[in-house]
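Only one chain comes next, encoded as C-alpha cells, the form predicted alone.
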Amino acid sequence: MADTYTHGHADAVLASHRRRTAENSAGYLLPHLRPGLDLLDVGCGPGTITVDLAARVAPGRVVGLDVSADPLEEARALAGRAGVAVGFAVGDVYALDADDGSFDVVHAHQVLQHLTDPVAALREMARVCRPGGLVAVRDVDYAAVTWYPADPGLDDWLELYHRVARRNGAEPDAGRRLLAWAHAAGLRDVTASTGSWCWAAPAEREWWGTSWAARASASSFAEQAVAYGLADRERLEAVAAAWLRWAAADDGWLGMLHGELLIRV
C-alpha cells in the first residue's frame, strides 16, 4: 500500500516541526559531523534540522528531501537567511535520486514510523551512503509517551493515534523497532541509543498542548480518523479539550522517548 503521512502539513504540524533543531533532535549524530562531509536529510520538512546540519558540515554538499513540496519553499528561505548552501527537492525514500555511495551521512528524523516498508527505506538509505559513512535515524515510540496529570482524554488520544497510524500501514511505536529493522535490512554495524523530549515549563506546555489540540481537530490526522470511521468530530473535540487541560495544569509534564541508530555502512 502507498504511504500516507498521518500528520499532514497543517500549520499546527509545521509549527511543531519548526521547533526541531540539530541540538534537540539529532544530538546523537553531532559528534560524528565535521566540515566537508556530504549529507542527505530525508524527510526534511521545513528544514530547521537540515540547515543546522548544513552549517556543521559546510562546505560539504547538503540535500534535503521531502515527500511533499509543501514545506520546501519555507526550507529554502530558511537556508537563505542562514547563509548555508542546501538543495531542497521532492524525493522518494524508496527510490532516492542518487548514485550508490553519494553521501557521507544519510539522516532521517521521525520518518521511518510513517512508512509501510521501513526496512526497504533503510536499504535504500544505505545504498546512497559511502563505505564507512553513517546512516542516522531517530523515531519516537508513542507507546512510551507518558504524562501527568492523568486524563482519560489523553488516553483516548493515544489509543486513537495508534489506530489511525496503523490504519495507514505505519508503526507509531517505531523507536523500539529501529534495531530490528536495521538487522532485517542487512545492516549489522549499528549503535543504538535513546533520546527524549520533555515538556513541562509553562511556555512549553502551552505550545505543545495547543499544537496537539489544533491537530486533533483540524489536520490530516483528524481527517483520517473521521474518514476511517475511528472517531467523530465530538470525540476529536474531546481530545482537543484534554490537551488544553493538560497545557493549563500547573504540574503538567510530558515525556517522549525516541529510539536512535547510528549505522556504519
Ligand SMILES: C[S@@+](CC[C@H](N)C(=O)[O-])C[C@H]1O[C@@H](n2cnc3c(N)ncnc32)[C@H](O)[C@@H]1O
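For every residue, the number given is its place in the sequence shown, counted from 1. Predicted, not measured: the structure shown is a model, and the values here were computed from it.
Keep in mind that the form predicted in complex with this ligand is not shown, yet the notes after this line are about it.
Three-residue candidate spot Val57, Arg61 and Phe88; no residue lies within 4.5 angstroms of this ligand in the predicted bound form by any non-hydrogen atom. This chain is displayed alone, yet in the predicted bound form one of Leu178, Val164, Leu115, Cys129 has a heavy atom within 4.5 Å of this ligand; that residue is Leu115. Stretch-level contact analysis of 150 to 158, 181 to 189, 166 to 174, 106 to 114 against this ligand in the predicted bound form, using heavy atoms and a 4.5 Å limit, identifies 106 to 114. When this ligand is considered in the predicted bound form, Leu53 lies well away from it, no heavy atom lying within 4.5 Å. Remark: Glu73 does not count among the residues lining this ligand in the predicted bound form, judged by a heavy atom distance of 4.5 Å or less. Within 4.5 Å of any heavy atom of this ligand in the predicted bound form lies no heavy atom of Gly209. Proximity of Ala216 to this ligand in the predicted bound form falls outside the 4.5 Å heavy atom cutoff. Annotation for 84 to 99: interface residues with this ligand in the predicted bound form are Gly91, Asp92, Val93, Tyr94 [heavy atom within 4.5 Å].
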